[in-house]
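Given next, in structure tokens, is a single chain: the form predicted alone.
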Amino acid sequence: MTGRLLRDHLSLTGLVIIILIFAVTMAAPVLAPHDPLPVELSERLRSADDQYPLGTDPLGRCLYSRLLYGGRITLQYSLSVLAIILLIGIPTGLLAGYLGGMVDGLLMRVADVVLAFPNLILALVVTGFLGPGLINVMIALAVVSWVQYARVVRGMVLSLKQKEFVLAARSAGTGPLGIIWHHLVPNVLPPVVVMATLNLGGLVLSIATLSFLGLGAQPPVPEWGAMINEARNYMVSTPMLMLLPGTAIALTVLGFNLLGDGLRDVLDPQGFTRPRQQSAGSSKPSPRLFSRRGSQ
């Protein structure tokens, strides 16, 4: 699987971008030449030099240091939001799909209510109600994003629980938890991994957007979206203040999208994510859950 992923040039490009961004942002305490928070008005809007590799912002803070620490914050909070979404969405989809009946109906009606609103608008409402701050942004994004995973997992479970290997396990006396853990979870994880990789780019963009609007990171916290917001008044005179964090966001989103696209091809259900316990005599391929790039 790894070799197949690495042979795809676009996927490899996305993987390299993500690795580099993670490496430099996580090593911010080592690589950053200055503390990103203290204000030095005497150094404001300095051009790039040996002391300040990318110059300084309107408050005299090292732009290079703030860029590194901003990426660290953005990625950490994006991964934290994704973890919360998975912890809510996967179990909800498993329970709704496997138990069915009233449980399924109740959970899916809640999902329908959440889906009735555009994600960003609902996130703005939740964040506005809770108040500005990165923790509240995490809660808002988790509230509006778990539904997609729950519905995908539920749909897969509805199909898988009728397969022969699940029926055989049930006939052998395996309990619901054993069937879910040993037979359903391994088969729903590959598409979820693809969704999560693609969704990470969207989470980075959402956190930056809410911070740009003043609902996320609050001054003086360095965060890419907040940095763009702080640079609005200097867009013409010092465009690099906006271009640098904007480029960082664009590269991060591009990297996750390219990597997710490659994982979608590698984890193609027809070859890799079919139920692992299919009967030996069955030659019928599993239905495709994701389309490959281009027609074949």
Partner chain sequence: MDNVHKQVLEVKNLSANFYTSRGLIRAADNINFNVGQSECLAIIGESGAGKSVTALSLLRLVPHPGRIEEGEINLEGRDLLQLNPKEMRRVRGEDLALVFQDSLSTFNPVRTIGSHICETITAHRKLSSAEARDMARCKLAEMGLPAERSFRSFPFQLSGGMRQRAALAMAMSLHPRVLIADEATTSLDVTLQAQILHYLKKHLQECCMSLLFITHDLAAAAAVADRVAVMYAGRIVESGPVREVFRQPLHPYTSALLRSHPSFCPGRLEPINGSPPDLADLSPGCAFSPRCLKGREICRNKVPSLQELWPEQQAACHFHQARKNDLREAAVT
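Positions refer to the first chain, counted from 1. Everything numeric in this text was worked out from a predicted model, so none of it was measured.
Although not depicted, the form predicted in complex with the partner chain is the subject of the following passage.
Contact check for Val125: every heavy atom lies farther than 4.5 Å from the partner chain in the predicted bound form. Among heavy atoms of Gly173, some come within 4.5 Å of the partner chain in the predicted bound form. At least one heavy atom of Glu164 is located within 4.5 Å of the partner chain in the predicted bound form. Although the partner is absent here, Ala168 sits close enough that one of its heavy atoms falls within 4.5 Å of the partner chain in the predicted bound form. The stretch that touches the partner chain in the predicted bound form, counting heavy atoms within 4.5 Å, is 184 to 192, out of 146 to 154, 129 to 137, 184 to 192, 210 to 218. If you take 79 to 112 and check each residue for a heavy atom within 4.5 Å of the partner chain in the predicted bound form, you get nothing at all.
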